[in-house]
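Quick setup: the structure tokens below cover two forms of a single protein chain, split into structure 1 and structure 2.
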Structure 1
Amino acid sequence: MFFPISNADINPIYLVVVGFIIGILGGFFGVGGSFIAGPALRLMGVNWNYAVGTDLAHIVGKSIVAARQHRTLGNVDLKLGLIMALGTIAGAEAGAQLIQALKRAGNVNTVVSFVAIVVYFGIAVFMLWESGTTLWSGKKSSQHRTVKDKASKQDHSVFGPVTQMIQRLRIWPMISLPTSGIRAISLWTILLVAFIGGIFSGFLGGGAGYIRMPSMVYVLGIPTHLAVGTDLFEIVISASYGTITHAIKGNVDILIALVMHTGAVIGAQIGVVATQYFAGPKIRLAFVPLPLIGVAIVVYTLITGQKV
């Protein structure tokens, strides 16, 4: 099938399958899946700028489906998602500016790559330790049953005391997040978490869900199921913004995104349903390979000197 906008010839079945895989990952983990979609499009000869922009457009569609499904399961905190979207958009702009500054200094690739490797690797090791220890400690006795009721979505984590300490920081204005079960948390803590996620999004492209989802769980203390659903809702807003800016710059082939999305619809629904059968620590444990894939991509970029 020929796609005239990006001047690429791609088998639509390939696009549907890629969309399907990303849909499952997105529905289950609350990530955009840009670390798969970008390289998958590049593999078919789509120019890098089109791969990034088209991926964002596809993320919007996939996240709408997954967020709608999560909403029916009560896994979306709209208030938190809207606040985080503001921080993410600001962070993405700051990240883009930082990239420009590093470009002028002439060492953008080295700095960004090493920061990304340390951060991603750190997240993977930390989540492996935390989820493993939490599961091992056996605090949650009902891990084998489905996780449909609200009470069973409340997570136990060995990192819990640190999270509570962060929640006790009294920096005005304090807000409550009843849906997430948080009585009071500083607005600035939420914005900071979203801002940092946005900076990484600006640095490395995509939605940077592999940073934001763990941050929501460990820093803000959001239960894992709600973090997944809310992250998807937040991605809808921030990726829509990204789609518009990239489309104006001529980086979006919407026909490719539409075809990929037909597979993602089914995949996202499977991913969302699957979250019902896993407790929070198990979802976090299964999440560990995702930042490691990010590390592999950055190492590849460093070695070959080109973006995948």
Structure 2
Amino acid sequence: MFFPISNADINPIYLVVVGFIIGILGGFFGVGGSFIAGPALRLMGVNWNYAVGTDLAHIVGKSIVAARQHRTLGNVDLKLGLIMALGTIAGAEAGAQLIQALKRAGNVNTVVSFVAIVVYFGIAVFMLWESGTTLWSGKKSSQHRTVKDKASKQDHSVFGPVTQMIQRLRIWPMISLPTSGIRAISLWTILLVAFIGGIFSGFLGGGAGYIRMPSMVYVLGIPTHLAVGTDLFEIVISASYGTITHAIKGNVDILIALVMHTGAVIGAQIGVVATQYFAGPKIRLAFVPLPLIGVAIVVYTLITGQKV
């Protein structure tokens, strides 16, 4: 099937399957799946600027479905999500402007590909070290506890001392996040985490949950299940803005986004249900191979010269 906006010829079944996989990832990990979606679209010859904008467009609907499910399960901190949306929107615009600058320079595909490789690989290595060490170091829950009890007891991290140090920073204004169990944290810390995630969202596509979800756990100290649900809620707001700003710049193929969305809606609901059967460290450990898949696809497109 030919998509005239991005000038790409792609099998719609391929797009539905990719959307379905990304939907599961989004519901389970609280990420938009851009480390899969962007490279998957590049693999079919879609230029990076279209891959970024189109990925943002398709994850909006999927995130609405997944966030609603997580809200029902009590996994969404609305106050935190609304605050982070402000920082993410500012960062997304900055990232979109970087894409525009590279597009004008004529090297958007090469630069974004190399940045994606470094970022995805770095995240995978860090989360492998952290989650693996956390599980190895122990504090195993009793076999008689429920899954949610296990999650609350096991959702510790070897990165904990750094998290506590960050939370002790007293930079006014300080706010509380009762839903996430945080008595006081600087508003600027939250906005900085969100802004950095927003830059990656605007530059590499998706909701940048691959940056924001780990940051919410390791930097802000949010329990993993709440980080997953809150990130999805925040993505609905920030990705909507990102879609609009990229659409204005001509970087969205809405037809591709709609086809991918048909599979993503189904996958998202499956992913949400699956989170109830895993403790925090196991969710983070399961996340590790996914950015590496994205790295492999990007490397392949560079080697084979897919419209670079």
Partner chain sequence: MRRNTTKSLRAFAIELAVYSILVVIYFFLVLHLLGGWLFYLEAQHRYIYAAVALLLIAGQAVALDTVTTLLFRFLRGRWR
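By convention here, residues take numbers in order along the sequence of structure 1, the first being 1. Values in this document were obtained by computation on a predicted structure and should not be read as measured data. Superpose the two forms; the largest set of C-alphas matching within 1.5 Å is the rigid core.
J.: Do you reckon the form predicted together with its partner chain is 1 or 2?
T.: If we ask which form is the one predicted together with its partner chain, the answer is structure 1.
J.: After a core superposition, would you say residue 68 shifts its C-alpha by at least 2 Å between the two structures?
T.: Not so; residue 68 is displaced by less than 2 Å.
J.: Fitting the rigid core first, would the Cα of residue 187 be found 2 Å or more away between the two structures?
T.: No, the C-alpha moves less than 2 Å.
J.: Does superposing the core leave residue 119 with a CA shift of 2 Å or more between the two structures?
T.: Yes; residue 119 is a residue whose C-alpha shifts (by 2 Å or more) between the two structures when the cores are overlaid.
J.: With the two forms matched on the core, what distance in Å separates the two CA positions of residue 10 between the two structures?
T.: Shift of residue 10 at C-alpha, rigid core superposed: 5.9 Å.
J.: Once the two forms are fitted on their rigid core, how many angstrom does the CA of residue 244 move between the two structures?
T.: Taking the core as reference, the C-alpha of residue 244 is shifted 2.7 Å.
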